[in-house]
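Heads up, the chain below is alone and in the form predicted alone; it's given as C-alpha cells.
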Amino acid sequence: MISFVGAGPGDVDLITIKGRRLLEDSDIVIYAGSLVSMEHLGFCRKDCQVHNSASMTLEEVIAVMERGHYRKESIVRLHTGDPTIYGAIREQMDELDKRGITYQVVPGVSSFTGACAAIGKEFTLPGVSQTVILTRMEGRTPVPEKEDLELLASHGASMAIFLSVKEMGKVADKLARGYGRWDVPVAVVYKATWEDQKIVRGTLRDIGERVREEGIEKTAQILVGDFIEGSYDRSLLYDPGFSHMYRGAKE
C-alpha cells in the first residue's frame, strides 16, 4: 500500500498516530526534503529505504512507488503539513491511477493552523470573520486572475497566505487595496512549530519592512485579518442565555 502522509508543519509530534505507525512499518519512505523534519526518519526501521524527493522528478518518484508496489512493500510518501494543501499530490495520484495502483491519503496538521496556534489566536471570531481564505501570491506557479489577492482581501475575511513571504511588500500592497485600509493586523510566522520558529507582527503598513529586517524570505505563513487584534462578540455556544440540544438557557 502507498500512503500519502502529512508530517505536520514542523514539530515531529504533530504527525497523526496513524501517520507515525505507517512510518514505523514502512519499507520505503519518500520524504519532501528540507520541508520535513529529519526527526521523522528516526521512527523508520533501519532497513527502510529512504528517498529525498527534493532531488527527484515526478517520474522518478512514481518509478520508486511502482517498484515497491509490485514487491508488495509498504510505501510512505511523506509530505509537509497536510498533503492536500500545496502538496502536489494530485499528479502523483493520477499517475498511480493510470497504473491501477491503490493508495490512501492520511491528513496532517497544516502550517496555517500551526501558525495560528503559535500566535495564540482564532481565525473564526463572531462579529469579525467566519471565513478563512487559504491562498498564495502568484510566482512561477500562476494564480487564476479571479483569485488575485486584492479581490480575495475585499471580502474582509481572515487570510492565511502560503509561499509568498519573499514578496511581502507586494503582498501588503495588494491586501491593503482589497481590505481598503493599511491598519489591518498581520503576523508572519517563520517555520511554525519548529524549534527556530520566529513571529513578526505588524500591520499592512509596516510588515514588509519588519520582515526584511528579520531576513525572512521563505518557509513562513502570512496571517492577515482583524482576528489577530481587536474586539469580537462572545460565542453563543457557551452563553448562559443560549439554548441548544445539550443545555437549556439559564436565567
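Remember, it's a predicted structure, so these values are computed and weren't measured experimentally. We number the residues from 1 along the sequence you see.
Another form exists, predicted together with a small molecule; not displayed. Remarks below refer to it.
Proximity of Phe43 to the small molecule in the predicted bound form falls outside the 4.5 Å heavy atom cutoff. In the predicted bound form, at least one heavy atom of Ser110 sits within 4.5 Å of a heavy atom of the small molecule.
Residue contact with the small molecule in the predicted bound form: Lys191 places a heavy atom within 4.5 Å of it.
Taking non-hydrogen atoms only, Leu163 approaches the small molecule to within 4.5 angstroms in the predicted bound form. Here the chain stands by itself, but in the predicted bound form one stretch of 44-52, 220-228, 205-213, 59-67, 220-228, has heavy atoms within 4.5 Å of the small molecule. Only one of Ile85, Val128, Ala117, Val143 comes within 4.5 Å of the small molecule in the predicted bound form through a heavy atom, and that residue is Ile85.
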